[in-house]
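In structure tokens, the next block holds one chain alone, the form predicted alone.
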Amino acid sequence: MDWDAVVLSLRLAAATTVVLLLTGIPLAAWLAYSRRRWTVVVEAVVALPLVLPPTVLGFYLLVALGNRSPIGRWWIELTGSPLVFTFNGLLIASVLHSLPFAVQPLMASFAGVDRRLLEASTVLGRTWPATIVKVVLPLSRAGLVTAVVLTFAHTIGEFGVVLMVGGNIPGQTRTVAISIYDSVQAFDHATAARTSFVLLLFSLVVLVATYTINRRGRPAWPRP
């Protein structure tokens, strides 16, 4: 097992989840409650990583964040280091690639909240952000947990985008998915099998936990 790659993947998944919670909650609330016509365009852009090949998204991010791009040059002037082939570049790529896995469960949960409760909160004098925090989020706990679990799990298994933007630098940008690819390329099938089994087990546990949470009070293992 390449434990450096495992630790880096866990670190990247945790950071991506935190960033997407902070940005995904207001975005999902706006998508769920806004009545503007072009909301559907924003919703389609958010869902784009679900259908876009990861290498295509990775290519555009590589161009957008590269050292010759305006963003890349600005980052170098600000920090003295490039964005691509670094952890910060990986984080930006992971946030964009995992965006629908955070926003869509939140948006579905927010849309299911009774509008009368939102109107009552507004009548009582709460601001819209306070209504989201005090009313919407407590009633959307299942969607919130699902967003966290799916975002974390999806980031752990990323390959195409991570390889395009981060490359394969041991200890810096080589994640567990790339480590498996390296093991196969080196004909070290035993190591690849062990690491793949751990990821398979992890994914299964994540899905069981997600479906259990979404049962909302019903028994996870009902008696026949």
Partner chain sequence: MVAIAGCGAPGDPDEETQTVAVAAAADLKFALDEIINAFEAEHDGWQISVSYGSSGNFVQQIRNGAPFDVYLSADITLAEALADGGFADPADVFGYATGRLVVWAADGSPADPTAGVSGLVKDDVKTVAIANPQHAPYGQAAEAAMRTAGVLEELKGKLVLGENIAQAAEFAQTGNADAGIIALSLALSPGLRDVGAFSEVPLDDFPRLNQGGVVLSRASESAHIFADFLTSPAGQEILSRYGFSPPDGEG
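Numbering follows the first chain given and starts at 1. This structure is a prediction, so every number in the text was calculated from the model and none was measured.
Omitted here: the form predicted together with the partner chain. The next part is about that form.
The chain is drawn here without the partner chain; in the predicted complex, the stretch among 192 to 200, 176 to 184, 24 to 32, 40 to 48 whose residues come within 4.5 Å of it by any heavy atom is 176 to 184. With a 4.5 Å cutoff on heavy atoms, residue 55 does not count as touching the partner chain in the predicted complex; it lies far away.
Taking the partner from elsewhere, residue 92 is found to have every heavy atom lying beyond 4.5 Å of the partner chain in the predicted complex.
In the predicted complex, no heavy atom of residue 70 sits within 4.5 Å of the partner chain. In the predicted complex, the partner chain lies farther than 4.5 Å from every heavy atom of residue 213. Contact residues in stretch 127 to 154 (any heavy atom within 4.5 Å of the partner chain, taken in the predicted complex) are absent; none meets the cut-off.
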